[in-house]
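Here we start with a single chain on its own, the form predicted on its own, put down as structure tokens.
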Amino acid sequence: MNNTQYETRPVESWAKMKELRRAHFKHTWEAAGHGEPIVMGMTEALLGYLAGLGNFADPSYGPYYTKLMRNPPELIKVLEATEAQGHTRDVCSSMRCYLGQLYTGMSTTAPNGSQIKPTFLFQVTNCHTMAQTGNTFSEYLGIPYLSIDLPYDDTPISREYVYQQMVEGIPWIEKVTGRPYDDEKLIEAVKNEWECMVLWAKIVASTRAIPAPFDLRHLWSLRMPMLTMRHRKEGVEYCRMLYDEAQWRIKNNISARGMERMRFLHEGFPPYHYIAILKQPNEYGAIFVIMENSQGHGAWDRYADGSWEPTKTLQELGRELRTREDALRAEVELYVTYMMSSTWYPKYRPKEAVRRAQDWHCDAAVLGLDRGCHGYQVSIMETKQELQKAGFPVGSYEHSQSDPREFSLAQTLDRLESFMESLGLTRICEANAEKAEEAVD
């Protein structure tokens, strides 16, 4: 057990993250007034592809999602609005939150009460529930819907399959928007997107350091500009800033939380409505350091021994993007070859979780058993068994990522505290008191 007390400081990039997050939200409501397209959907992939339209706005399916997660009573009202339309609780809880915003009018209502009309709906189909949510939004709002099917296998056939979908989608986009597709904007955006995802992989890889410059709670919020604007120069500049700060903190031994008596892997989504769960080990001088979701937004090279390292940028690879085809194929390669996607694969996930725990120097693991997302729970118990076989103690708690009615804070804290204590950890204040008693004796 590492009882070293490290220096810690606030994350300086935090203010920039909040500034960019506010700018993204503001653009959602102002884009139409500037004649810019509004693309609704879970657009967390292929942003460079959409950038051929210019400076598009992306309100997701529900722009008040984060605000609702911070206000469980209001969140429950939105979920109940979804259920009143006949959707049952076995539907993904995040999609139920989005559908509730649709049925209550929140999805298209700005804070000042004005209304927006999305230009079209776009969804990368790597989750059947997101795809069906997109279909429901399209029918309810009466707007066109474009879906790109993104397979999990990286083969020449799968890459060509995605590429052809994107080629066929461009005339469709031009028709429904009445705007010409700009190849120069596409090329620039793909370059930015690729660099952002490489930088994010480097940022996540930097948390292998002891002490870690950031913990999982930091990364959960710090990733947001990378998710929403990684195709833009502001996103690249932000990721460069964050990476430089990570390197500075490592060089100067600046810790995320001050102590790392133990380091934990978190496998599975946490409850978004109580994201403070990611800070719970801090009471014991421990940290959550890594999870698949934080790793998965980066671009990685995979090696035969199961390990990962951040891949190279297009510039480092010496690749020039001169044509639409160059850019689209690079975009396909980024998402099919270099982005982590094996969470849904029972064949790979358990072993990858073990490797994640090993590479990030974790001492134990905690599983979030999330009833809100069926796909992300595929092979979660097999993952538990594989981690235990590799010698990692494993704890768990139950929740639904976006439905506070299926979460007991008291029960969860009790389970996690019992797990921490079973590993020999005590609360920091209690540990300090014991040391004081020993000194007096």
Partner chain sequence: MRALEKFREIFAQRHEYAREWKANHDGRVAGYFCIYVPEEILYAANVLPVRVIGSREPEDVTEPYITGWWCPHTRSALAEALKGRYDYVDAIMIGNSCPHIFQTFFSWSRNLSPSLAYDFWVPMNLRNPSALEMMSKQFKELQDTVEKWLGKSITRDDLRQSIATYNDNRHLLHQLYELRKKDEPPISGAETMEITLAGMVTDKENHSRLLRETLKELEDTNSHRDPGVRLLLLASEFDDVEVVRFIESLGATVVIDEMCTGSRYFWGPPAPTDGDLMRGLVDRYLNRPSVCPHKDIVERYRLPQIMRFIEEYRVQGVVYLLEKFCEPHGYDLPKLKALFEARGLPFILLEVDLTTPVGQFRTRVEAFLDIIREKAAIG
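Residue numbers count along the first chain shown, from 1. Nothing here was measured: the structure is a model prediction, and the numbers come from that model.
If you look for the form predicted in complex with the partner chain, you will not find it shown, but the lines that follow are about it.
Asker: So which of Gln358, Ser307, Thr129, Thr313 reaches within 4.5 angstroms of the partner chain in the predicted complex, heavy atom to heavy atom?
Answerer: That would be Thr129.
Asker: State the residue from His87, Lys191, Arg261, Arg329 whose non-hydrogen atoms include one within 4.5 Å of the partner chain in the predicted complex.
Answerer: Among His87, Lys191, Arg261, Arg329, a heavy atom within 4.5 Å of the partner chain in the predicted complex occurs only for His87.
Asker: With a 4.5 Å heavy atom cut-off, would you call Lys233 a contact of the partner chain in the predicted complex?
Answerer: Contact with the partner chain, no.
Asker: Check whether Leu50 has any heavy atom within 4.5 Å of a heavy atom of the partner chain in the predicted complex, and answer yes or no.
Answerer: So Leu50 does not count as contacting the partner chain.
Asker: Taking any heavy atom pair closer than or equal to 4.5 Å as contact, tell me whether Thr125 reaches the partner chain in the predicted complex.
Answerer: So Thr125 counts as contacting the partner chain.
Asker: I'd like to know if Glu139 sits close to the partner chain in the predicted complex, meaning any non-hydrogen atom pair within 4.5 angstroms.
Answerer: Taking the distances in the predicted complex, the answer for Glu139 is yes, it comes within 4.5 Å of the partner chain.
Asker: Within 4.5 angstroms, counting heavy atoms, which one of the listed stretches 108-116, 362-370, 223-231, 240-248 is next to the partner chain in the predicted complex?
Answerer: That would be 362-370.
Asker: Each of Arg9, Ile287 and Pro404 near the partner chain in the predicted complex, meaning some heavy atom within 4.5 Å?
Answerer: No, none of the three is in contact.
Asker: Hey, which residues along 144-163 are within 4.5 angstroms of the partner chain in the predicted complex, non-hydrogen atoms only?
Answerer: Contacting residues: Tyr145, Ser147, Asp149, Leu150, Pro151, Tyr152, Ile157, Glu160, Tyr161.
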